[in-house]
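Shown next as structure tokens: one chain only, the form predicted alone.
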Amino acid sequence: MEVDSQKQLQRKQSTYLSLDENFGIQREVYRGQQYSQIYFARLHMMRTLLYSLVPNWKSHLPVCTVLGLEEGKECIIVGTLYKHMKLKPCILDEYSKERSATPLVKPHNFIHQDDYLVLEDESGRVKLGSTMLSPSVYVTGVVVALHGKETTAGDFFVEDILEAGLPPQIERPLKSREDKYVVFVSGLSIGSSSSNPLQFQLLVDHITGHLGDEEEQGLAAEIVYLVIAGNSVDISHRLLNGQNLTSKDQSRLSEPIKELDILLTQIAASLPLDIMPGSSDPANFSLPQQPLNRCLFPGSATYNTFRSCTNPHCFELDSIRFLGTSGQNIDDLTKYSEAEDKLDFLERTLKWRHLAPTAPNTLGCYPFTDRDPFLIDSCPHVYFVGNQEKYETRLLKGLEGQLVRLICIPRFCETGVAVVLNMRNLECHTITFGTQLSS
């Protein structure tokens, strides 16, 4: 087939800026510190912010500490919420003498009607009581300001609540007439029983322009970036038991990563990509997860278009800010709070200005001493979360004109769905890849 050289398509380009330095732990030194310091750092930063918002909220009320509360006197207190949960798993339960008498519950959600909230600052803690402050919505680690008064029972009756709200947002560039697309995919799970190699190969061929007619290839040329949001490989836990591996098991352990590298090499030869670690990838377990080692990808890492990134991951493309995780923060929120859908959890984390409020209580994280890297100080234009059950999206509008595209990226190995975002107008759609293999 003859190829008309004048019709050769050029892939569109975009300007990339990595903003992951806040999530790096290379300069941190572990000296046996506990997690109290990250909570103090979080409270200090958030309290300063909430104090600045109080004058426009309830300027006539005094701000008190927990220790300074007086019975019947209305005031405002600022502190970190702690949720007492009856069903919350405890490591000591595994060694309980009554274990056989009381079976351990393993529900998908640990909410119970007897749960209650406590507010804590450096001076003390006080139990909260109110009909408007629902324990099922909040989780341990959220910093809020509360308006109320102390009761005769010693509780604090909440009359109103102030959350930090969406952070300020950098101005989006003037609307371009040019369509540029970013593709999001997660949960490839190469090596698992549910993974279909042909399915991912179809995705690779599509975004690299090797599928379809001229019109289809023209659309593929408008894809400027690919983001792989965690759980790219699935390694059998049976092989990771601390025992010496046979040569056959060593081959089985490395095979999924080799297969992933071959596919990523095809992509990196055509367009830039970011790969984030997830809970099943060969990376550190605790957040923030550090970039996957480049030695795992001898083929794709030779291209300057290949970037191994942290989880969480923050970057800018053509001055449009992206922020996202591989899903651990939202999955943990679903265990300890309730919402109508996953997008509500994304919205809450933005309004609380914290990516992972349940860390370090129920979500593993590094014990930082002087900062909390999960605080959100600038509102992204696109906020994505990987490895979810289904595709969901919503456009969130803030009180100060902020506009955020929320995206739940489904697991590709189960759904065959990739998410495509148009940077021109932040509109989203999906592409589904499927194969039918005859037996």
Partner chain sequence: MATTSKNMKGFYRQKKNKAAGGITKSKSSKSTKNPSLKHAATFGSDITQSPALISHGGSLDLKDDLDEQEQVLRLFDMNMAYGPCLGITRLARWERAQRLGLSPPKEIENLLKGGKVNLECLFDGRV
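Fair warning: this is a prediction, and the values are worked out from it, not measured in the lab. Residue numbers count along the first chain shown, from 1.
The form predicted together with its partner chain exists for this protein as well; it is not shown, and the discussion that follows is about that form.
Among Y51, W57, F40, Y391, the residue placing a heavy atom within 4.5 Å of its partner chain in the model of the complex is F40.
Of the residues given (E70, E400, D377, D370), D370 alone sits with a heavy atom within 4.5 Å of its partner chain in the model of the complex. Among residues of the shown chain, V63 is not one whose heavy atoms approach its partner chain to within 4.5 Å in the model of the complex. Of the heavy atoms in E122, some are within 4.5 Å of its partner chain in the model of the complex. Though the partner is left out of this view, M45 does reach within 4.5 Å of its partner chain in the model of the complex, counting heavy atoms only.
Of the candidate stretches 378 to 386, 407 to 415, 392 to 400, 30 to 38, only 30 to 38 has residues whose heavy atoms lie within 4.5 Å of its partner chain in the model of the complex.
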